[in-house]
Structure formats: structure tokens, C-alpha cells
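Below, in C-alpha cells: the form predicted alone, a single chain.
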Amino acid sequence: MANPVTSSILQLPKRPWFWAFVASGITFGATYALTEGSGSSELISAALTFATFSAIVGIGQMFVITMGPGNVDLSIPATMTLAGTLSLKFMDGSTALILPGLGIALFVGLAAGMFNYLLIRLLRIPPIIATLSASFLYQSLAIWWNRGLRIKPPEALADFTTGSLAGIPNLTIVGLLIAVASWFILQRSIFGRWLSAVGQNTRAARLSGIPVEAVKAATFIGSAVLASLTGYLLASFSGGAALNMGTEYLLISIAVVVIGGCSIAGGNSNVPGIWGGALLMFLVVSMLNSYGLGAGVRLILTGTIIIAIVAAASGRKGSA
């Protein structure tokens, strides 16, 4: 009889998230070799910190994509910007308003998610069009409220977002807690089973009595709330809300879902893979920057690496 530990290790390459973490390790090793080990601890800290932002919005996007083909949230960057702008303007540097400011950010996410769902439900337009259209409204509101100002976060909040506990960035701890909660929702709750059923076959899910529309509404709201939380944390970490602060997270939120081994066809989610994809995205850019490559070359190589990882993971799943 095979040893359970040995058997589990042998099964690792078949896990959809395995290759994202392998690629992250290889990328870190290449950067480490180039720099001859100098600044490795700083690189690890930076990777964990910036991967947290990608992982949180990626988890929200994963929930949406799990609902099946055509479901994607393109309003994430604008929601981040609007939440970061409004919350920091409300706090105006006051430590006493940190928690109310967080409440403002989360309310922005709640309202944006509900608005996204209502556009899809009432106007019967595809999610990709509805969320893209909504993003222009959110971005316009952020521009109107921002008025070119860069309001600093409260000092205590800035210290928290840039600080660490036992060598682990505080933001990473927050991100891991969100990941654990998301895994529990997907794997151990009735909502997770409903979401998977909707993604696998919406018609069958509706006929079996699953409240499909309630699941869709909760999913889009959840994605927007996680985006608004990310905007609140990112604005506090970077010293203020900028109007372009969420731009790069549009493609990243989708890329980490794909790289992490989630099915783009829906019905299958993978929380650990989101973290693997988030770490890989940051480390690839860091490695290519270390080699002094231009922006165009970096984009080409980044895309090539992503394709290779997805192909390797798909091949393993197909042979399992």
C-alpha cells in the first residue's frame, strides 16, 4: 500500500495551481542568480505585498468567471479608483476615521456590484458590456471627486499597510485571510455549490431550484467589494489615491485566474492558484526589469511565459 504522504506528493503536478508556483520559484531563482542574492529578502517582501493586491482582485474575478462563459468584471479598476478616492477624501488624514473610511470604501463596492448586476439583469446585456459601461461612470465620479488632489492617508493606516508582522507584510496577512475565507465559501458552503452548479449548467441549476439570480447578484457584489477593499488598501499603501491606480489590475485580475488553473469556461474555481498566479506576475516583471529589458520586450516575454504556464497546466490536467 502506497504511503499517503508519498502519494500526495506524486499528485502535486496534477494540481491546477502547481505550475504557477513552480514558475514563480524558477522566476525568483533567475532573479536571485542575476543579483547574486543581494536584496533577496526585499524582493520576497515586495512580491508578497504587490501580489496581495493582485490576489484580492483576482479572487473577486474568479468568482465571476466561475459563473461561466461571458462572465467577467471589467469595472474592477474603476471601482478600485472610486473607492480609494472617496475613502481617503472622507478620512482626510484623520486616524479616528480609518474604520468609517473603510466602511465608505466597502459601501462603494456594494453599490457598484449591485449596479453592475442590475444593468445585466434589467437591460439584459452581456456582463462584459455592462461592467465596461459602468466602469466609465465610476471613473468619471472618481475624477469629479478627486479634482486633481492627492490626499494622504492617515498615518496609522499608512503604517499598517507598509508594516509587517514577524517578517510577513500586514497586507499579505489580510490577503491570506481573504483567500482562506473564499476557499471555505467555495468548498464548504452551500453558496459555493450553487455557484459551481450555475457555472456548469445554468439551465439545470435553475431547474433544480437553485436561486440563480441571487447567486449572480452576490457574485458581482462580492467582486466589487473586494475591488473596493483593494483600492482602499492600495491608496493607503501608496500614499494617496491616483486616478490611474487601478488600470493595471484589469488584465492582471483575469491573468491570475487563468494562470492559477481556474477554468475560463466556468464551474471550476481554484483559490491557491490565484496566489500562485499573482506571485508569478510580479516576479516575472521584476526578473525582466533586472535584465534591463525594454517595455515592449517585457510584454512579449510576459505573454509568452503566461502561455507556457497555462499550456503546461492544461496538458497535465488533460493527461490526469
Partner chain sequence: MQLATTAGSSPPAIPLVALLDARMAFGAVRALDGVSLTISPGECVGLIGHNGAGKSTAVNVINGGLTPTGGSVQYTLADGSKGNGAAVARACGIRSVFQELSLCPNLTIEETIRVPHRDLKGFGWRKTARKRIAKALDQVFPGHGIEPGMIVGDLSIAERQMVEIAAGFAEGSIPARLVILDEPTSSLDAAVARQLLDHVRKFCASGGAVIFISHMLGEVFDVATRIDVMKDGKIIDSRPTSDFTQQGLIDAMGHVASTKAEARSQTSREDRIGEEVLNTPEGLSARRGEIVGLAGLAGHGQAEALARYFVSRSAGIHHTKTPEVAFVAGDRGRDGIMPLWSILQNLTLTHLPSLLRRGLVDQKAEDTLAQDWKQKIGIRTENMNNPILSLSGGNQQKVLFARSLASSAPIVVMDDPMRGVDVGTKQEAYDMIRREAEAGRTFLWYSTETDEVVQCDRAFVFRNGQISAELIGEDITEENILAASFEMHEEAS
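What you are looking at is a predicted structure, and each value in this text was computed from that prediction instead of being measured. Residue numbers count along the first chain shown, from 1.
One more form of this protein exists, namely the form predicted in complex with the partner chain; it is left out here, but the text below deals with it.
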(request) May I ask you to check whether G209 falls inside a 4.5 Å heavy atom distance of the partner chain in the model of the complex? (result) yes
(message) Check N244 for me: does it contact the partner chain in the model of the complex (non-hydrogen atoms, 4.5 angstroms)?
(response) no
(message) Against the partner chain in the model of the complex, would I151 count as a contact residue? Criterion: heavy atoms within 4.5 Å.
(response) no
(message) Considering non-hydrogen atoms and a 4.5 Å limit, does the partner chain approach Q200 in the model of the complex?
(response) yes
(message) By the heavy atom within 4.5 Å rule, which residue out of A204, V180, L165, A96 makes contact with the partner chain in the model of the complex?
(response) A204
(message) Within 4.5 angstroms, counting heavy atoms, which one of the listed stretches 87-95, 71-79, 230-238, 189-197 is next to the partner chain in the model of the complex?
(response) 189-197
